[in-house]
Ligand code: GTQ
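One chain is shown next in structure tokens, namely the form predicted on its own.
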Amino acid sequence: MSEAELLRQLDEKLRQLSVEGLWSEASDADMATYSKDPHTTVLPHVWKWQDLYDAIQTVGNMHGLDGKAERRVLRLINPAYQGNKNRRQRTTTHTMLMTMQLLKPGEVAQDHRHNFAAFRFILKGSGAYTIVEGEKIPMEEGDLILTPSMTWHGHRNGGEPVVWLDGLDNPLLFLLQVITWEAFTGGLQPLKNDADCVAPRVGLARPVWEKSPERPSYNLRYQWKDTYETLKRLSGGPGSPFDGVALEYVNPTGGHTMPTLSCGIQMLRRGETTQTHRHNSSTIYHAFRGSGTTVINGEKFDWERGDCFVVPLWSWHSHRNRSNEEETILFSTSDMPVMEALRLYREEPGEGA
């Protein structure tokens, strides 16, 4: 018997034992994907605002979802994952999911909680609010609202139709197989008295007697008017060579927005083009104002106000504001905190930077 036949028989025996040798063909193929540079399955892609908005309005006009306001949501699926049969694998990146949600006047999204972190970035409309742990958090355009892991939350709308983006880290938690979700008994949590609410009182200041050793402190609402004033105040300075006038929404301790998600906002000044760089965290962007072009690994991706786009990890990229008359503002979220927590984060400037 030849050595090749003996090896074939050994491979078959090992398969029956749920064991595989590193010499197998499958392992050779796997090894071929290893290199000094990270490899990602995520593809760069742009989701156009008009397409998304038309779709969410169409669903908003359908009567079949009446009473199911929390289901009026569009998931932004990366083209690389579109064909996955498992819905949980149809995500925006391998670690993050971005969705768009519509809440109509008078509607209520039932209260619940889960261990995956989430945020809302408000795009259009006013009069709605989120309740987080009994605190009423108003929704206004440009506001960032957090619903940290295991916080009870739900949504109500007493005004006009409101559209927002949801960012979630549930793809990561699905991968770790630790997802938990539960509905609030009775459907709606009671509201706290104004005197007992921390969020509306302001900023990053917190009463010392309200610290909880079990749960880190969060700033639940970042108001657009404050964020924009900071951007304008810093716009006369040098900014970041790679991101323009860029801010991160930090928590009260000065750390990332949440343990698994970093949220940012950046201004590209009139005609500004950033330098090229890359990092091993994935980033999802939303063009809140203006229009521009992002070059990803040499390919141009044009975006307009309202569009969303993704820059996969370890992709060379730079941004350009196509207007010489108006500023451009990009909102973004990334999984950088995970990379840093695991001591895996890497970043490199491009040539000439």
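None of these values were measured; they are calculated from a predicted model. Throughout, we count residues from 1 along the sequence that is shown.
We do not show the form predicted together with this ligand, though everything after this point is about it.
Annotated contact segment (heavy atom within 4.5 Å of this ligand in the predicted bound form): 113-121, selected among 252-260, 113-121, 273-281, 237-245. Judged against this ligand in the predicted bound form with a 4.5 angstroms heavy atom cut-off, the residues T99, H153 and L168 are in contact without exception. The listed set L175, V73, A183, L188 contains one residue whose heavy atoms approach this ligand in the predicted bound form to within 4.5 Å, identified as V73.
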